[in-house]
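One chain is shown next in structure tokens, namely the form predicted on its own.
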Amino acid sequence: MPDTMQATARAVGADVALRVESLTIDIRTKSGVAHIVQDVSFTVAKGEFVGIVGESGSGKSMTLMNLLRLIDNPNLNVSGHVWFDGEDLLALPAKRLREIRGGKIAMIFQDAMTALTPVYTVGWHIAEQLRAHRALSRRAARERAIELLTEVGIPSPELRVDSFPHELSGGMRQRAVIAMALACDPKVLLADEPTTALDVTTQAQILDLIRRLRTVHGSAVVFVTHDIGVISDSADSILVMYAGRVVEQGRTVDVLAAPQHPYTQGLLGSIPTPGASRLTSQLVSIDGSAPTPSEQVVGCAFRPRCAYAFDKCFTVPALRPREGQADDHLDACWLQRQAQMDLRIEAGS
């Protein structure tokens, strides 16, 4: 097991719901091979809420989608391991994987309108999940669908069960998608930016709903978002991704209190502070833009945008704990390690 996986395993203990080891995703293009995700490893404990954050193009959604091999593209090459209940999801035959999808691991997609088939009712979508994985009768599946719509807070569920997706508001559609995902009491819930297209009030309601249902159903949650502020109060642990790599990970309280990677510091610096005045809380932007997957950056991918870059940054840093930090708080940056090394040399001279 890689060092990063050992550190994460120590943090969450042996009660593991999902374990990802060295997940790497490449895609063949006309101009060559593009590296989408590189060597991503993390562990999700049973009932844990894990947040994956990063700007658009960082590889976070590709990571999530390929845990269940949801992208069928002959030019895509996915390697590594995704362990669930003793089985490697990346090596399973299609039939067995279909039994796990929706039944034991469920997905909440970013755009509820495209996740729901427009010509079928909301109740039909939920009932199909139940009939496929629980072999319920039509009547029993419909009754359970109404119960689930009630559970996620949709008003008049007896009527809404027969509504088509276009007849619901954006927030109600997202609640319906969550009901569909929870239909079979999955052990793991994967959420791909489920609040992005919603207004702030509805975002808060959806987040609160996911937190509450996680407590009720005991499902582990892996939540992808580009806004670290969205999950700062919800996630037990956080992975920060940049250009296809994890650049920092650890318990949320540790990462937010003492961010080690300059990219994480930049993300936190861009979050408005409620109640702060314009003079005392100026937002900080990160100069430049992230490289595309086809761009080849020598060394640390964040180096061209980093104000602290130096010669050693032309070599890719390993993701590991640093001196004085918790074993499960990992980062991939040379800066502080070099400073610590210089201090040791100075103290020894």
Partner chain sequence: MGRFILRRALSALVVLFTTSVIAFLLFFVTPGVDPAARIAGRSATPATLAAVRHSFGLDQPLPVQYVKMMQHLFITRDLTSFVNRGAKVVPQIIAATPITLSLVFGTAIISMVVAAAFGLVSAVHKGRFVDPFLMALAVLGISVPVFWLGEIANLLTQGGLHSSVFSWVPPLGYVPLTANIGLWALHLLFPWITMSVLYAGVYSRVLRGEMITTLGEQFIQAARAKGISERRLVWRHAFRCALVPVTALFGLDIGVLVGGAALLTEVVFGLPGVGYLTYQSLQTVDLPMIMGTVIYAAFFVVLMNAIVDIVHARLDPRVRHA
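Residue numbers count along the first chain shown, from 1. The model shown is predicted, which means the values in this text are computed figures rather than measured ones.
Absent from the display: the form predicted together with its partner chain. The rest refers to it.
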item: Listed range touching its partner chain, judged in the model of the complex by heavy atoms within 4.5 Å, from 110-118, 142-150, 214-222, 83-91; value: 110-118
item: Close approach of Arg245 to its partner chain in the model of the complex, 4.5 Å, heavy atom; value: no
item: Distance check, Arg134 to its partner chain in the model of the complex, heavy atom within 4.5 Å; value: no
item: Thr264: touches its partner chain in the model of the complex, heavy atom cutoff 4.5 angstroms; value: no
item: Proximity of Arg101 to its partner chain in the model of the complex, heavy atoms at 4.5 Å; value: yes
item: Selected contact from Lys46, Lys312, Arg320, Arg69, since only one has a non-hydrogen atom within 4.5 angstroms of its partner chain in the model of the complex; value: Arg69
item: Heavy atom within 4.5 Å of its partner chain in the model of the complex - the one residue of Ile105, Ala179, Ala191, Leu239 that qualifies; value: Ile105
item: Contact set, 121-158 vs its partner chain in the model of the complex - heavy atom within 4.5 angstroms; value: Trp124, His125, Glu128, Gln129, Ala132, His133
